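In structure tokens, one chain follows: the form predicted alone.
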Amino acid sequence: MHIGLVGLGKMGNNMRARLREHDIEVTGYDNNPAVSDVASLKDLAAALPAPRIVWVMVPSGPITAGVVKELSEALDEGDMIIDGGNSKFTSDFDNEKLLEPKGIKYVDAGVSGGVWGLQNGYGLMVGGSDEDIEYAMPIFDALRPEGPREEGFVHVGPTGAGHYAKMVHNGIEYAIMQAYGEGFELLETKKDLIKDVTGTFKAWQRGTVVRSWLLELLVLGLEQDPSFEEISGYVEDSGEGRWTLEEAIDNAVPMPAISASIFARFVSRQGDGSPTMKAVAALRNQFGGHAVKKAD
């Protein structure tokens, strides 16, 4: 199989490498000519065999919409676009509306795995028709983690379902990170009794009910900077948590843990932040390579 990949940043470049490792031929396009295989989206379309598949991995919002629109003019009937970015699920309906009259197929893919996906594989949540998902399955199988397909891949439902599931995934992620951060602050505060904070978190990695990959990444962060003295507690959010809350409000679903974790991020931007938010900032850097602010 030979596909196109638009967007060769932290995630996209690693995805290109993983696909190639699994015998998927990839032609990539990026605005940065140093990493791009072709000079333009038109050149990308010309380089691919029909029916073409183009995976889009660029920032959500206007940038993704612009790429999809430009691709709609470069591709032909029977081709397929897969949006693998962190797009809001409602944008999938707009993309489908644009592409359907032209006979261009559309799939939305929620992707989790961050900068570690090249090594570990990516968790995938996809939306689209049964036929389109089955046709693109070699790509999904190459990207997902090794092991049973159902433990790293799910066809959630029709168009929009993949990004909706990823939105909720990220909302849950916010709350888990906040809980670890709050636990870190309490342990760090009680240093008259707790003599090894990093060791405590490290010991939780096996056998305990709170073990997780996020916990492993927190330990990595603590081993690099045991008190997070080098970073500020200023924590950004990329949108999915807000969208999760909007959906919760629209559907009357109580979400006290997720809402509190998002509001805590807002509070963190009003000052240098607490040890809790420093831990959350460190976690975002560990799993996604998100930038952190240095402490003053």
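Counting begins at 1, following the sequence as shown. Owing to the predicted nature of the structure, the values given are computational and were not obtained by experimental measurement.
Omitted from view is the form predicted in complex with a further copy of the same chain, to which the following refers.
Only one of A39, A34, A50, A252 comes within 4.5 Å of a further copy of the same chain in the predicted bound form through a heavy atom, and that residue is A252. Not displayed here, a further copy of the same chain is approached by Q178 to within 4.5 Å at the level of heavy atoms in the predicted bound form. Not displayed here, a further copy of the same chain is kept clear of P59 by more than 4.5 Å at the level of heavy atoms in the predicted bound form. In the predicted bound form, a further copy of the same chain stays beyond 4.5 Å of every heavy atom belonging to G66. a further copy of the same chain in the predicted bound form comes within 4.5 Å of a heavy atom belonging to M125. Contact check at 4.5 Å (heavy atoms) against a further copy of the same chain in the predicted bound form: none of G9, G78 and F140 pass.
With a further copy of the same chain left out of view, the stretch that reaches within 4.5 Å of it through heavy atoms in the predicted bound form is, among 70 to 78, 97 to 105, 196 to 204, 130 to 138, 196 to 204. Residues P145, E146, G147, P148, E150, E151, G152, F153, V154, H155 of 127 to 155 are found to place at least one heavy atom within 4.5 Å of a further copy of the same chain in the predicted bound form.
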